[in-house]
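Included below are structure tokens for two forms of one protein chain, each presented in isolation as structure 1 and structure 2.
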Structure 1
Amino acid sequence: MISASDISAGLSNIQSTDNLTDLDALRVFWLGKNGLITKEFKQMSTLSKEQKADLAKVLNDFKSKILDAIAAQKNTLLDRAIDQELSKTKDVSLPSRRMHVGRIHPITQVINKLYHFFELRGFTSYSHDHNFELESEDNNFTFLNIPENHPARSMQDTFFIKDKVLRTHVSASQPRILKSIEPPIKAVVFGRVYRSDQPDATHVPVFHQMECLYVDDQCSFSHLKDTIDAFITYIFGKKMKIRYRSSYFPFTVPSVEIDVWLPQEKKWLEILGAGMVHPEVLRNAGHDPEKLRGFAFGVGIERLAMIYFGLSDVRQLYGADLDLLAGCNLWQ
């Protein structure tokens, strides 16, 4: 027969356990299949109804005391375990695994940024079609109103490959687009161009350009200005002081160059060339320049990248200075 003092000894045993395994063993000791209390319950069948009731009362009381104590102790132990876990510490400054990240090249970042501008304005960017680095002389020069012997052909030192040239400007896509796309044309072209310049701080034999071409029956210099103003504001993220200088490109007339005022450097920086598509260029593509007009403008990608990232030497963009390249983040 279990006495009240047995129970109080048991309770104190429960309260002094320091792990869940021991606690569970005590649960089995008292209340398992063959536990002390379970056994007493089993033996009750021989007793009279009144005895049964009395004993059941006592046993249920014991049982609930034991259960409560176990539950309480379980909570205590769990809390203690958490406290113990919390008291531990690790050297979290140890090296990590595979911590390298790369970055999209500064030139590509700039291209992506510019593309975004034109995409939202409904321009179609041609990277796959009408966009070739190895071009015919006709597309690079003749159709752009730069006939053979024209002094402008010597403006650009051209690499020749048999009967073709490495395009000296992405404008070489203009004749292709003008011939194959029905006006109105809203086109933008990004790509590599080549000039035979020895690499130095400001020259590389390969660089990137973007060109925008708009052709419609109603189109004027005034529209060009609006697009360029928006474009420059977009590039610099704020309204900039700009100036339009008259200039010369064989494939546009009137032609202008646009400078941006850099307040810190206190100087004008030439940023893009633009103009109304030359009537001869339209005529060469089979259009009637009396009925159709267009504008075009282009920008050097490297120049923008150098401004954005404060680079002083364009060759840095073509090397593998990984720290430098990884530090160029346009969206910072």
Structure 2
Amino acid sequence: MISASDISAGLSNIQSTDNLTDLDALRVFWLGKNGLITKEFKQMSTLSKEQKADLAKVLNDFKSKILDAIAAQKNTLLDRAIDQELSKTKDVSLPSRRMHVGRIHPITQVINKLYHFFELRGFTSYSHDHNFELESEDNNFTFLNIPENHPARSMQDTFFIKDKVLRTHVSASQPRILKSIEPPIKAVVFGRVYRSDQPDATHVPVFHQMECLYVDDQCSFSHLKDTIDAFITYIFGKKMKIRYRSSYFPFTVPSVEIDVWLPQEKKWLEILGAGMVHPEVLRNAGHDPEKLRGFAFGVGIERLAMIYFGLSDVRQLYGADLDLLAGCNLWQ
């Protein structure tokens, strides 16, 4: 029978062990398959029920003390080994390495700020509903009053996937919204669009747009102009020099394009197309254009980011210059 003095001596040996190999040997000596405590447990089969209970309590207490001592000594030896290694090979007085803190991408910053502006104006974002990158030709073209012979439908300008298309504009969400929501409608949608464009300083084949749609029985062009002027001022934090140019879009009438003046480059840059929702678009969605009017516009997110951050090439937003991207802070 193992006595209390045996356990006391065993604990002392464990605490004085100075390497992990000897410590493991002591573990096996006490707790291994043929260890002293293991053997004592095996001999309990010859004892009475009361004797078994008393002995089991003593042995479990011994076992617990041995396990705790081994675990504590193992931690002590590991810490000692780490300290020794550091003292030989590391200079802990050196300054720490530079930490690279993550940043929100400039495009996402612009989207977040636009979302915040339109939320304040009572618009609802449908970027999780009625927002599909793979669209039907009807939603992307037909329901938006784009005729079948329009050049945008050709294989040279649109990416076709069987009977679907990769949407060429976020305006493709308009038919879904108009059909599923009763006016008045105040909606915005953010998403990627796809066009067969040759990449250059202001064009990439995949980019981001925001579509804004407002429909009620009192809507006028002045509501459109007020909304555009306000959000441009909000985004850039100051009143910008902008111009409205008469244009043509099949899904709006009248239609305009809006340019922002770039003083350093001394040129105008188009950032969005807009207009009053075409009566045929309303009619295609089941609404009476004699009773309802609306405005819609689509803005290029990358173009806004380029102007705000002073970038000369839209491709910089997709490059690997982390210092440039990290330095873009729209909320500063």
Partner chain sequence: MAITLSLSWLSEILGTDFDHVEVADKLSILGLEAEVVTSTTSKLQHVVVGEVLKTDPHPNADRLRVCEVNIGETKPLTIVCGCPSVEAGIKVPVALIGAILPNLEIKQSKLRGIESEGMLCTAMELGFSTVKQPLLRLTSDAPVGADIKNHLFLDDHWITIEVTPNRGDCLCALGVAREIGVVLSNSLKVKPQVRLPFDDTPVSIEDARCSHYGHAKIKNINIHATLPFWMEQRLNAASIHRVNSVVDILNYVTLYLGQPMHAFDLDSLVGDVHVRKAKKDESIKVLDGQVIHLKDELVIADQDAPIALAGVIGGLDSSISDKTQNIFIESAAFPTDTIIDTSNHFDISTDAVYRYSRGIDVEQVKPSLSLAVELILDICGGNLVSSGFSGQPYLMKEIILNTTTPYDVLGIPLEKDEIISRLNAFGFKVTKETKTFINVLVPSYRNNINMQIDLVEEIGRNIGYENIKSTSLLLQPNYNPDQVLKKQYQISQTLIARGYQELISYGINSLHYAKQFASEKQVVRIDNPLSEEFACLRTSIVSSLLLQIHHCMNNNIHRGQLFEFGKSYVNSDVEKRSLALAVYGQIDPQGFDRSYHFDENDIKGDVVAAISNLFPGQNISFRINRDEVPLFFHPGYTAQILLNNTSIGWLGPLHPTLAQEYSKNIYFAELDFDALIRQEVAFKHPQPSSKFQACTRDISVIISDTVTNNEIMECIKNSSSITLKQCYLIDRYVNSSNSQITNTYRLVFQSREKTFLDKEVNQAIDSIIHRLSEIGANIKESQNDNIN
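Here the structure is a predicted model, which is why all the values come from computation and not from measurement. Numbers follow structure 1, counted from its first residue as 1. Here the rigid core means the biggest group of C-alpha atoms that line up within 1.5 Å when the two forms are laid on top of each other.
Chemist: Is the form predicted alone structure 1 or structure 2?
Modeler: The chain shown as structure 2 is the form predicted alone.
Chemist: Checking K162 here: with the core superposed, does its CA move 2 Å or more between structure 1 and structure 2?
Modeler: The answer is no; the displacement is under 2 Å.
Chemist: Once you overlay the rigid core, does the Cα of P254 travel 2 Å or further between structure 1 and structure 2?
Modeler: No, the C-alpha position differs by under 2 Å between structure 1 and structure 2.
Chemist: So, superposing on the core, is the move of D217 at the CA at least 2 angstroms between structure 1 and structure 2?
Modeler: It does not, since the D217 C-alpha is displaced less than 2 Å between structure 1 and structure 2 after the core fit.
Chemist: Keeping the rigid core superposed, can you check how far the CA atom of D54 moves between structure 1 and structure 2, in angstrom?
Modeler: With the cores aligned, its C-alpha sits 64.5 Å away.
Chemist: By how many angstrom does T202 shift at its CA between structure 1 and structure 2 when the core is held fixed?
Modeler: Displacement of the C-alpha, rigid core superposed: 2.6 Å.
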